[in-house]
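Single chain ahead, by itself, as structure tokens, in the form predicted alone.
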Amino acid sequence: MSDALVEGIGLRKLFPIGGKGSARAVRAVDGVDLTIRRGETMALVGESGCGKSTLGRLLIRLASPTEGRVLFDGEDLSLLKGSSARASKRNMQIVFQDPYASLDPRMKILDILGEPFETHEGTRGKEKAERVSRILETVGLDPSCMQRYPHMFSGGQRQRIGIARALALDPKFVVCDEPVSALDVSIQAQILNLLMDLRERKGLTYLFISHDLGVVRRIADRVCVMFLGKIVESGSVAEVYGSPRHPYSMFLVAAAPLPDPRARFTPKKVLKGEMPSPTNPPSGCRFHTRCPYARPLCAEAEPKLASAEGRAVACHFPLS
């Protein structure tokens, strides 16, 4: 059995601007290769608008790539049709960012969580209620709440319901798209603990999308840093946080708040300038217009994501 559970190969997603056939497009994901190992939590970090959520949706086929392939357990998802494609969706689920918008306000929790059982297995009635009861207990909610509507729950409880919905069919791979960013800090810790516990108990594999590096440090095994549609660095959390090799990663790590109150008196490395337009990215390295270490080569040639000893960095002059 291969160590890789999910593989993205040459993934590209363009969103045309100005209607069908327009030459202009937003390059949300622009040539990404990514491998997520079985049983690990891979984090995806970067500024808002860099393509993190789009990449996550491509990996579970919630969106179709403009170019490239997704392999799940060695199987090319683009080749699956009909019942085979439908069956594959059981193994790939998503927990959305906003627990208020991701649940249908007109449906009771019994129907929200029971829908996967009805759709994929034809389970109804008493058996459906029993299975909903078990999945609610799994995420720490009282089964008696299944007759209530989403608006009757707190944000943290709604996110637990969202997690329960994602886990209903025992998937192998779950994309967590900023699952705690809309929650209070105290509730964030509870949801993170729940996700880590479920990973251990159920053998799950996560892609954890976040802009909060403190959260990533706690939950992830490896991290990929994304900038303007491309992955610029990847490696273990300890390596990337401790000694980032791409200049963008260095600024991203330096911008994260530190718990030590004395750190507020320490001068921070501040990244200057605005993110370039994804409709007209710079030539060469996309970061060179903001990079203080840029040289002429950086504007002329695009660096490849080169791997060595578990680390990968796309930079002509990586930091040592």
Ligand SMILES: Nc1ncnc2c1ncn2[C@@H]1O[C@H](COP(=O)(O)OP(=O)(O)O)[C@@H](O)[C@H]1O
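Everything numeric here is computed off the predicted structure, so don't read it as measured data. Sequential numbering from 1, following the sequence displayed.
Beyond the structure shown, there is the form predicted together with the named molecule, which is absent from this document and is the topic of what follows.
Classify G49 as contacting or not contacting the named molecule in the predicted bound form by the rule of any non-hydrogen atom within 4.5 angstroms, answering yes or no. Yes.
Is T54 near the named molecule? Define near as a heavy atom within 4.5 Å, in the predicted bound form. Result yes; T54 sits at the interface with the named molecule in the predicted bound form.
Might P278 be said to contact the named molecule in the predicted bound form, defining contact as any heavy atom within 4.5 Å? Although the named molecule is absent here, P278 would touch it in the predicted bound form, with heavy atoms inside 4.5 Å.
Using 4.5 Å between non-hydrogen atoms, is L252 touching the named molecule in the predicted bound form? Outside the cut-off, so no.
So the named molecule isn't shown here. In the predicted bound form, which residue out of V26, L62, L271, A256 has a non-hydrogen atom within 4.5 Å of it? The residue from V26, L62, L271, A256 that makes the contact is V26.
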